[in-house]
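Below sits a lone chain in structure tokens, taken as the form predicted on its own.
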């Protein structure tokens, strides 16, 4: 079994010995389970790389958090002990300010808008910004639209969130967003949320349809309100240490395979969203649209002022907003 200690040892050995290309599979980590769309997206990329190189380059995926939390595996990737990693943007925010932008609340007006922006120049700029920090950004994968769910009742306006204890990721941005809406943010690991909802430690949380369904949170929090406040993507990165040992031709193979894996992942994701939504609605969950999204987004000015601090970030925001997007 490969574990974090083995990866660190092998990474150090590779750095000292300068091992040649193709001597072992590239190791890739993902916190999601093997059947999750991001894992399947990376597998599609791996299959294309293997085909293009006649098996000379291959990728072995360690799914389900086998190699540790995303913050732990990200550290391994920067160090060079791990070759590839699919992570969400939150662990990257502290090292690359550009990665904050796609996580801004109410930045995107639709999933189509988000995909257009991240497939275009703004997305490439964010990927390129990781190189000075030991990472090569390969592509973005969807993580859907996040909405609020809770145990009390429908959320139709910010006043309905007043005083609620809402679980958030361990992210200053998410904490600030929930505070701006009048609720009490409670950072908590995803694995603790179900028990927290049942025991009343928290009143609600926020996430996409597949996560709401697969974690069984819908059994405890029966009200799902479609605020769609964040559409932050996932990201696939390669260790710059490993990247620099690839030939230019092999780098292009990885770039092309990563780009080609995106529509594969999105197709799986869209199907997963539809099936998850169908399952929770069939279980009696009360889902409601939010007619006045502006009542929520208008409260985000202070959040944006706090997290959009540089001219580079401001230009990214402007470019993304100007791209419009599909309805």
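Numbering follows the first chain given and starts at 1. On a predicted model such as this, the values are computed, not experimentally measured, just so you know.
Another form, the form predicted together with beta-D-galactopyranuronic acid, is not on view; read the next lines as being about it.
Checking 248 to 256, 104 to 112, 85 to 93, 158 to 166 against beta-D-galactopyranuronic acid in the predicted complex, the stretch whose residues place heavy atoms within 4.5 Å of it is 85 to 93. Shown here without its partner, the chain carries 70, 143 and 211, all of which come within 4.5 Å of beta-D-galactopyranuronic acid in the predicted complex through at least one heavy atom. Proximity to beta-D-galactopyranuronic acid in the predicted complex, defined as a heavy atom within 4.5 Å, holds among 198, 190, 131, 121 only for 190. None of 299, 52, 279, 32 but one reaches within 4.5 angstroms of beta-D-galactopyranuronic acid in the predicted complex through a heavy atom, and that residue is 32. Residue 147 falls outside the set of residues with a heavy atom inside 4.5 Å of beta-D-galactopyranuronic acid in the predicted complex. The closest non-hydrogen atom of residue 225 lies beyond 4.5 Å of beta-D-galactopyranuronic acid in the predicted complex. When contacts are judged by a 4.5 Å heavy atom cut-off, residue 98 does not count as touching beta-D-galactopyranuronic acid in the predicted complex. Contact check for residue 203: every heavy atom lies farther than 4.5 Å from beta-D-galactopyranuronic acid in the predicted complex. In the predicted complex, just one residue of 226 to 249 lies within 4.5 Å of beta-D-galactopyranuronic acid by at least one heavy atom: 234.
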